[in-house]
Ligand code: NAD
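Just one chain is shown here, as structure tokens, and it is the form predicted alone.
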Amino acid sequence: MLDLTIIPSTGATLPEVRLNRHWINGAFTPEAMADWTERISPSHGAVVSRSLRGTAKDAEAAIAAARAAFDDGRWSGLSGKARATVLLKVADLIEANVDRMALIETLESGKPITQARGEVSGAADLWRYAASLARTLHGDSHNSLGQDMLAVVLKEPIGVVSIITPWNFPFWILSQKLPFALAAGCTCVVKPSELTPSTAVMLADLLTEAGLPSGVVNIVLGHGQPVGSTLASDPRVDMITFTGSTVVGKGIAAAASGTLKKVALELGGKNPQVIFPDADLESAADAVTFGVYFNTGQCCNSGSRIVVHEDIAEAFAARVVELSKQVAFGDPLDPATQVGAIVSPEHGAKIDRYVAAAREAGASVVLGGGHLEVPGLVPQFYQPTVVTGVTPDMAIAREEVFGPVLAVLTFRTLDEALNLVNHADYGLSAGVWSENVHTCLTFARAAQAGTVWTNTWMDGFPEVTFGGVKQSGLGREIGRHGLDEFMEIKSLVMRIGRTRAPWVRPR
């Protein structure tokens, strides 16, 4: 019997089933339009929400509304101050609705209620930061080109943006994209994941209350086929931004290639933390434990592999196992729970296959390695799992497991550690633990990753840009660079006075 910390069902009464409809041109579509999809809670086994199943025609209607709203300037033509005013109101309304939005997100995703509350309330800060960028957005001027020349570099909104978001952080990731696109002056069509659509639809009411003009944001529910593919391929869309798996991201890029629209992709990760013997090992072990189990490991930034110096590897792995047993797995509705349910049975089976394959390849599963029974809840939980003796060629060391599974590799030198870090096809984030600043800086310069953390893990701020390299994606989100993703650059060159010498000379 595993000595784990299990939180049984609270027996809480679940809310009524929520009905979600498309929101197009400032209005919700009628309930009886088409067929519906049901979302069953991965933790409680009950129907949480029913959502309209979108068609290509629905997506096209939303694109038409966004196109019209952009072209007539009802949003793009406003001042930065006017746009910022709306975004700030949205932030206030998000904070006023944290509890009801977090509850539905917990039931749809299986994540702990405390983490859902943190996600929704934290998203309000993204909207506020985007509002500040709307007011400070500017181009450049060049007045050193000669007395008769002046050039101005303008930043203009790119146009209509399709936004496709995943199920693991449905409201946070939407808020990494939408307010920045709006701050730039773009209009948008949003397709949330069919597994966690509700908070995006709830946002529609808040946008209306904040005074956003109709048609500026539109929401279409449904699956990647046909909704997502239409949003990627329609020539009236100027840009698509997608967060999800690398496989789907490649499909999005292919669909968008026919019109050469801009594509921004935030994709998978196989994120390493490297631990040197001189590190604060207790802090490192706690951060590793957090990094692999946060959001049930269903996180693109999950610290799913650690690279530990061989002199301390055995003791360090043992400490992580000890801490793992103290992490509370169980009912997501209990505030004491730290790790909730796996999003679907199919995904749980995929996680289990990675662990089984590692065991068959010679690795040791020193903790977990199977499904977890939580009293009173459906059997859709996975044990905290630590796998040692992992070699770089194993799938568990190279591919994204997306579950509460930690792979442990070892190294002898800094160069060897960097080779292991950069071995994967991904390059989203990486971390290093050492008290030697030279070690940290050398690692940070050489690691192939969009974000490098030193002596911490997964600290993030709206001001600090996020994104990956290699197969972890294209483009950047949040921060000032995240705003620039939604801008087109235009150069304006002006001659002052009649100073241009004629090119055609009279005979």
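Worth saying up front: this structure is predicted, and the values here are computed from it rather than measured. The first residue of the sequence shown is number 1, and the count goes up from there.
Keep in mind that the form predicted in complex with the ligand is missing from the display, and what follows is about it.
Engineer: Name the stretch: of 158-166, 361-369, 138-146, 276-284, exactly one has residues whose heavy atoms fall within 4.5 Å of the ligand in the model of the complex.
Structural biologist: Contact criterion met by 158-166 only.
Engineer: So, in the model of the complex, is Ser229 in contact with the ligand at a 4.5 angstroms heavy atom limit?
Structural biologist: Result yes; Ser229 sits at the interface with the ligand in the model of the complex.
Engineer: Is Arg83 part of the interface with the ligand in the model of the complex - any heavy atom within 4.5 Å?
Structural biologist: Heavy-atom contact with the ligand at 4.5 Å: absent for Arg83.
Engineer: Answer with yes or no whether Phe402 is in contact with the ligand in the model of the complex, where contact means some heavy atom within 4.5 Å.
Structural biologist: Taking the distances in the model of the complex, the answer for Phe402 is yes, it comes within 4.5 Å of the ligand.
Engineer: Give a yes/no on whether His423 approaches the ligand to within 4.5 Å in the model of the complex, heavy atoms considered.
Structural biologist: Because no heavy atom of His423 falls inside 4.5 Å of the ligand in the model of the complex, the answer is no.
Engineer: Going by heavy atom distances of 4.5 angstroms or less, which of Ala131, Leu267, Val307, Val339 would be at the interface with the ligand in the model of the complex?
Structural biologist: Exactly one listed residue reaches within 4.5 Å, namely Leu267.
Engineer: If the cut-off is 4.5 angstroms on heavy atoms, which of these, Glu194, Asp334, Asp352, Asp238, is the one near the ligand in the model of the complex?
Structural biologist: So the residue touching the ligand in the model of the complex, by this definition, is Glu194.
Engineer: Any chance Arg412, Trp433 and Cys440 all have a heavy atom within 4.5 Å of the ligand in the model of the complex?
Structural biologist: Not a single residue of the candidate spot has a heavy atom within 4.5 Å of the ligand in the model of the complex.
Engineer: Determine the residues of 277-300 with a heavy atom within 4.5 Å of the ligand in the model of the complex and present them in sequence order; the list may be empty.
Structural biologist: Heavy-atom contacts to the ligand in the model of the complex: only Cys300.
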